[in-house]
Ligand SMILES: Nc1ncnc2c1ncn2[C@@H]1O[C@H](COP(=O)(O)OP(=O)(O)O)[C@@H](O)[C@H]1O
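In structure tokens, one chain follows: the form predicted on its own.
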């Protein structure tokens, strides 16, 4: 599978960019008989349930159909709603939401703020598709209008050895800023005129590395070095290190704590995705001392295929 523009965008975009902000809700004490007109009138298949302004459940068209099929008497919404609600944060990366859709088979997620846990939106699979299509259109228009004189950065430099270094500091456990360094790196590489497919691969590898820094360590550094024929990306941390590198490279293997898994991170695909995206992949790690990861990408080659 080629690394496409859509795959690149889901790493960069936040849930807040595509969610529906005008949320239709219903009170927990409202009657089931009112649900039909609410769903039909707004052409929706489910609504968050509130009690004193707080999210307490979800009620869907499936719940309504089951209630009708069983010839139940009219009752309060709270008696038929789903109480265990899977939510997502507004500042979560969109790729996390997509992984949650795949792993839970749910059709919608209430979107809440990270600090106050306040309901600010709802996210459906349709919202994701519509948001990606809009972003594709905007990016296309911007690319058509933009000119990158830096494309010829190295052409007129006379030196035996030339490179451009970019450094980014990543703070551990800071999920609100997770992915920002990779996004900045991607924008810079675009302005240098690198091929779009190459920038996408670098962005994906950088993003996965940045998430590992955020999840597992107290922080670290991403250093990118751009040469005329190659881009090197080095990721360093002084965190706990990896005890079993061979196992860590197995798809799905994860040592993420439970609270990280509950947030939707730590699926065990980070190193795997980095290795697939890069032309060269080298990792060194020592328990108690940290991890150094080096990935490199050849510039003047045919588009790389990710299997």
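Numbering follows the first chain given and starts at 1. These numbers come from a predicted model, not from an experiment.
Unshown form predicted together with the named molecule; subsequent notes refer to it.
Comparing 175-183, 233-241, 83-91, 104-112 against the named molecule in the model of the complex, the single stretch with non-hydrogen atoms within 4.5 angstroms of it is 233-241. The closest non-hydrogen atom of residue 248 lies within 4.5 Å of the named molecule in the model of the complex.
The closest heavy atom approach of residue 38 to the named molecule in the model of the complex falls outside 4.5 Å. In the model of the complex, the named molecule sits within 4.5 Å of a heavy atom of residue 254. Using a 4.5 Å cutoff between non-hydrogen atoms, residue 50 does not count as a contact of the named molecule in the model of the complex.
Note on contacts: among 26, 32, 278, 267, the single residue with a heavy atom within 4.5 Å of the named molecule in the model of the complex is 267. Site residues 196, 199 and 297 are none of them in contact with the named molecule in the model of the complex, judged by any heavy atom within 4.5 Å.
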